[in-house]
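Taking the form predicted on its own, here's one chain by itself in structure tokens.
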């Protein structure tokens, strides 16, 4: 670290948002310090969230596929399988990722500081190192990118031994025989379907009729049907009043209608709140909003001039991809550099089994804005690649304006959805007509061919207008 404690930009947190803010600012010639309290870079995304859960998902898919071929392979997981064996490549992935990130920061001359950050004022931050050394840094601007942590409801007795949150669920020693999952959001849906694919008896409970309420119901119904087909249980419109370990052999979830649901373990996925407990934001006159997050304006600036925030600490969409862009844009705005057009076209990727992904307007949102819209649907079991690969539980949906020309949104459920969605994203970004998908020649057989089938569905409807 330099002896001079004056920086153009100070960044707190090395997750996706903090990294991109630091790299962009440093590459523009600014003097940048990135403060991270843990030895590892990457935050929850790398170490407790995105990468670990996706690593587990890859093995869950392998197990699911082997089980589908059980007649040939006679495959069964042993009853005492350790969870660590199912994420055995995780350490290699994390080490490679950490090495890559450090090289990137070093090449860009970002000064990496290992210590706990705390605001002294709106322009000054105190850092306490693991050795207890204290010093202060001053920044022309500051970006808060310290992520979030799971919300623990008062009525759920999370102990990280029997009842887990999304940060601790992968610390389970052994794969349980049964698991209760509380919540119907992205994290709950991902873990519920992943554990079910591994052969765990999963019961998913939420107060809403369907999970993932921000998606169209035909997509979420396809997800729920796939979850149930694997053996999972979905309990919608069910309010859990209390959950606890009975001290003997089970976790108990009590519901408002008087039921008691038992499981070996429980995962509570009840949202996340800003990770600012030790940051002393009150010293910079910052406050959390009623959702426990930091509010920002369209430029990602907080209510304090010169202090910006990005990533999970400001709340939804809470996607690593969106956080990276927020970090970059926060740096641009702070340093008075043009950030480019801020697109609302951010794809959503849900790594459940099956996957779900969407970009642009959903059918529900489009009908609210335009009234009548044209919708084209292609089901994977009608696509040659889907039939060949046995990927039949899936669909692709294109939503167009009332004239059936302008693409408003694309939604996909089924394996490969998070990759396929980018074709729709490019169409939306280029303001393309739906005819583009008809006139394009797709490789055969591919799941991408579903775009052409859905587009033809719309063209046929258009002729009847």
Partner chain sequence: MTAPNRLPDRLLPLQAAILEQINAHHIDVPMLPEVAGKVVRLTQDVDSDASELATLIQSDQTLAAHVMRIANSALYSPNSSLVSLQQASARLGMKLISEIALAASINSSLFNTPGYEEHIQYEIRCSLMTGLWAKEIARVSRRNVEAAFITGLLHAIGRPIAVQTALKVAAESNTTLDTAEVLALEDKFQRQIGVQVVEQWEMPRLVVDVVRFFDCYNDAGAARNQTMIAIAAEAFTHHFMSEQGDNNCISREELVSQVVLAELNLYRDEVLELLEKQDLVKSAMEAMTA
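Positions refer to the first chain, counted from 1. What you see is a predicted model; the values in this text were computed from it and never measured.
This next part talks about the form predicted together with its partner chain, which is not shown.
Picking from 316 to 324, 167 to 175, 389 to 397, 219 to 227 the stretch near its partner chain in the model of the complex, with a 4.5 Å limit on heavy atoms, gives 167 to 175. Here the marked residues 106, 305 and 333 all miss its partner chain in the model of the complex; none has a heavy atom within 4.5 angstroms. This chain lacks the partner; the member of 282, 92, 161, 237 within 4.5 angstroms of its partner chain in the model of the complex by a non-hydrogen atom is 161. Between its partner chain and the residues 233, 255, 129, 122, the one pair within 4.5 Å by heavy atoms in the model of the complex involves 129. Interface membership of residue 57, defined by any non-hydrogen atom within 4.5 Å of its partner chain in the model of the complex, is ruled out. Taking the partner from the other structure, its partner chain in the model of the complex has no heavy atom within 4.5 Å of any heavy atom of residue 85. In the model of the complex, residue 265 approaches its partner chain with a heavy atom inside 4.5 Å. When contacts are judged by a 4.5 Å heavy atom cut-off, residue 247 counts as touching its partner chain in the model of the complex.
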